[in-house]
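Subsequent text provides structure tokens for two forms of one protein chain, presented individually as structure 1 and structure 2.
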Structure 1
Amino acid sequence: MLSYVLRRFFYMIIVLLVVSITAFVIIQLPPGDFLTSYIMKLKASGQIVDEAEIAALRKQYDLDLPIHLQYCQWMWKMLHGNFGKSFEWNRPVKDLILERLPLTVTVSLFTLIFTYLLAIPIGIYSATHQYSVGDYAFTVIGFIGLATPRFLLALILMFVSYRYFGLSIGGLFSPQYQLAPWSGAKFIDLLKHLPIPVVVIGMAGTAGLIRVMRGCLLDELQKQYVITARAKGVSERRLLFKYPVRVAINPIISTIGWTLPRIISGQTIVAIVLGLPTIGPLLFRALVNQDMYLAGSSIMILTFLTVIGTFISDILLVWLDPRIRYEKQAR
């Protein structure tokens, strides 16, 4: 068990390294380096750019080094908490991201919980009531949920609430709490604002998960061990939860690996539409303005979140499933 966790951890570190390289490549992608666009911007606003100053900046950002050394420098600085500077905001990238990270994690976590809390019972219901009216209803809702782009769902919800209730939804806080320091009242205000983003972000994932859960459970319900348990005189409800549900939960938990990227991915675009103070809109603005250090770091942080989440789900799975537990041990 421990050796498996260690190996999985080691693998995660490698993935994170590759992610950082990808992020670095993304920073380098736009034509010219970011300093060129910075200078262009300064020139456009009529400022005079001093050659010496440019050289100093070049040195400060290691742009005079060959590309692989630039990467190493960047990594080295990052490990020391220096993520570079955002030209757009004129602030350290680290501060910008740290400001928004807790809310990003909160929204993702709530969405994840919402997704599983909704998908598992509905999946169980659909599988045990196959081809019933309820099953069909959930299937149809699920299909529509999968087919609707999340930003469109956000738009439609905003449209409906504005048009029919005169409410402007969006954001995570009421105006009076936006800049206020954390307090109990602010937290409650946050909880009030969470449902809409959580539902919008979680919709597609939930719909997908219901299909998976239903399919798995239908498979399990046919299995011989279920008939064995029934032949023992175990009641249907107890039987359902002790055996097939328990078995079907495992693949569901292993889907965190793809549910989490979906949530983070969906959150990015929904946050832009709903104006949530998370990393998504930050990344968007950074990309539009070619604020590349901020963009690269944002992508890296978002990916880190999913990779770490997947790692945790893997560990959970091993702990839950004796088959994997022993198989891994035997290896």
Structure 2
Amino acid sequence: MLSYVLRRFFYMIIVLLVVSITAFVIIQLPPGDFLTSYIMKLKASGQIVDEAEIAALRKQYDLDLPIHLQYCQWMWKMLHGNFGKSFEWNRPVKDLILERLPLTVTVSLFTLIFTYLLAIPIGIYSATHQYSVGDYAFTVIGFIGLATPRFLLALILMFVSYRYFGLSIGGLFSPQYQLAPWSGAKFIDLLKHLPIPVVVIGMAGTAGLIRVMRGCLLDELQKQYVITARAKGVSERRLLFKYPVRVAINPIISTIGWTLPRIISGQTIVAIVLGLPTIGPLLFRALVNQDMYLAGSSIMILTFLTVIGTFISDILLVWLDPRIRYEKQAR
């Protein structure tokens, strides 16, 4: 088991390195850079741009170096805890990300918990009550959840809450708490604002996981070992949760690797609509403005979440399914 964990850590380092190179090159592919766009805006407004100042800015942000040297400089600084400086915000990238990371993680974790706590029980119910009224109802709701764009659902909820209840659900804090220091009252205010973003972001994932859980469990319930266990008098509840559910839940557990970054990157449009101070809108703005250090660092965080999520899902699969554990030991 220890050798498997160490091997996985080694693979994680390789993946992070490859993704960092790919992301940095792709961000640099569009013609020009942030300074080029910024200078064009200044000239369009009639301001005089000093060439010496432009050269100094290019040297300050390492834009005068070839792309491979820019990457090496960025990675060397990142290994020492320096993620570079944002062109647009004129602030260290590390500070910008740390400001939004706690709220991003909070929204993501609550969404993940909401998704799994809702999807797994409903999937089990739908499989064990196949073609019942409840199964049909959850199927219809699931298809609606998959088909409805999340930003549209956010707009509908915002309209309904404001039109009929007089409530504004934008952001994660009330106006009086947005700039206030953390306190018990601010934390309670955060909890009051969390349900809407969590429901909107998690709706599509919940609907999809319900269908996966239902299909996998239906397949397991028709297998011979289940029929034999029933014939031997094993109670239905014990049989269900000891064998078929543990096997059927494997595809759900294996999705943790891509669920974590999908929640963060997939919530970007929802976060813009709801005005959430998370990393998604920050990454979107950095990509539009070619703020390469901010965009690259944000992508690295998403990649890190992906590999960590995949690592966690692999460990959980080995723990839940003895067959996988045996295969790992056999290798």
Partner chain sequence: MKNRQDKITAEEKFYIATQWQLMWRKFKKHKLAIFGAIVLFIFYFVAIFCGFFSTQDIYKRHTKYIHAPPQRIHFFDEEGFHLRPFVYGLKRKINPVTLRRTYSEDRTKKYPIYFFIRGDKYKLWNLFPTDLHLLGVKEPGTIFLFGTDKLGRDLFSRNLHAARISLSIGLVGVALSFILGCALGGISGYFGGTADMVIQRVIEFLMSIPTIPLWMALSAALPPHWPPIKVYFGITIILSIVGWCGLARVVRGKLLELRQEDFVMAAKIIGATDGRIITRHLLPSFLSYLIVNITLAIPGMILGETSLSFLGLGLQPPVVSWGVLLRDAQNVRTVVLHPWLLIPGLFVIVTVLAFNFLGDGLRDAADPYK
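Basically, rigid core = biggest C-alpha set you can superpose within 1.5 Å across the two forms. Just so it is clear, the model here is predicted, and its values are computed rather than measured. Residue 1 is the first residue of structure 1, and the numbers go on in sequence order from there.
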Pair member which, unlike the other, is the form predicted in complex with the partner chain: 1
Large Cα shift (2 Å or above) at M75 between the two structures, core-fitted: no
Core fit, then G184 C-alpha moves 2 Å or more between the two structures: yes
M292: Cα shift of 2 Å or greater between the two structures (core-aligned): yes
